[in-house]
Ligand SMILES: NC(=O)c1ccc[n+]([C@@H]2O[C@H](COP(=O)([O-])OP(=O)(O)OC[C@H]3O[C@@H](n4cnc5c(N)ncnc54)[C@H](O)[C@@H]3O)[C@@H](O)[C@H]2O)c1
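So this first bit is one chain, no partners, the form predicted alone, shown in structure tokens.
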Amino acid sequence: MNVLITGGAGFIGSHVAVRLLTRGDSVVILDDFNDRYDPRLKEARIAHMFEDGKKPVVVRGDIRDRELVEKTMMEHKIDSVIHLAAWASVQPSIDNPYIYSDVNVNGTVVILEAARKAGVSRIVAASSSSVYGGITEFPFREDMNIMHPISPYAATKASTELMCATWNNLYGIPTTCLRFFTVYGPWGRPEMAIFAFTKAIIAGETIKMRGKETMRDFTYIDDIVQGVIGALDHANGYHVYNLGESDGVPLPRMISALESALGKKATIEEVPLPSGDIPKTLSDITRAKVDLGYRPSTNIEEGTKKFVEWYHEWHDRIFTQTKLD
């Protein structure tokens, strides 16, 4: 396949690109390398995650740039799109809903229209477990009513799903939306809990735990990549799938796993869960198992060990040195 990955310098996108290139697909990455988090991390992903001879084409630009997006798809004869570009995280979306709406909704429309014009044969688009909002029935199933989001970010992801469904209905492009559940692992985003907690524990700083009853379905990056590629390979019609580990992990268990991996105890301050955040997430992945062959296999204890190994090797090289080795 000739695959375009929007947001391909991001956490999930870069890992998906590596896997696709390894199996022989051609990959074009479209990313604006913005500073929502330290862009040195994105630059390091592109510079160090890919083997010589198996590197993606990198196009630097904004998904809202219609001319650039259409030109990229046409010039590289794109037949498949993995649309991951978005502004992520719940709390910043409450403070700045305008950029979230503009990028996540309008940007998605640009991608869908460009894909239609280019004759793309399949689309996979990122959604989020945040769309489940205040639902208190567990586990979360794809057929639940998500029309009551509790943050602008969640609303933009629900809108992404609706836009994808509309373009599939109008133009028949096989389109799959994936609801990701708290993805973590090597090369992850710095503001994510596991990354931030690891940094604090090593530095001897207090970590702020948002409630000992808070539960997250932490999903290791390799398992997510398996699900994304399964969705790409099995694209037909319009479908929505949960991609999680299907293991609800209370925050104290996650912190305990980090302490074990780091060999150091954490200093913990319990703080309230902010408005807009979901108290608990847990995925029903039955549909993804049946349709996509999705088989997550990495529990939080194993996943945190792998993340800590990466952190020890790469954090200082990325964030404290002016030039990587």
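Numbering starts at 1 and follows the sequence shown. Computed from a predicted model, the values in this text were never measured in an experiment.
Beyond the structure shown, there is the form predicted together with this ligand, which is absent from this document and is the topic of what follows.
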- Given that the partner is absent here, does S260 sit within 4.5 Å of this ligand in the predicted complex, heavy atoms only? no
- Message: I'd like to check something about R36: if you look in the predicted complex, is any of its heavy atoms closer than or equal to 4.5 Å to a heavy atom of this ligand?
- Response: yes
- Message: I'd like to check something about G293: if you look in the predicted complex, is any of its heavy atoms closer than or equal to 4.5 Å to a heavy atom of this ligand?
- Response: no
- Query: Does any heavy atom of M192 come within 4.5 Å of a heavy atom of this ligand in the predicted complex?
  - Reply: yes
- For the three residues G10, D31 and S127, verify that every one has a non-hydrogen atom within 4.5 Å of this ligand in the predicted complex; reply yes or no. yes
- Message: Quick check for you: of 63 to 71, 262 to 270, 281 to 289, 294 to 302, which stretch puts a non-hydrogen atom within 4.5 Å of this ligand in the predicted complex?
- Response: 63 to 71
- Message: Can you work out which of I255, V110, I173, V103 has a heavy atom no more than 4.5 Å from this ligand in the predicted complex?
- Response: V103
- Heavy atom within 4.5 Å of this ligand in the predicted complex, from candidates C164, V183, A231, I82, belongs to V183
- Enumerate the residues of 72 to 98 that have a non-hydrogen atom within 4.5 Å of this ligand in the predicted complex, in sequence order, or give none. L84, A85, A86, W87, A88
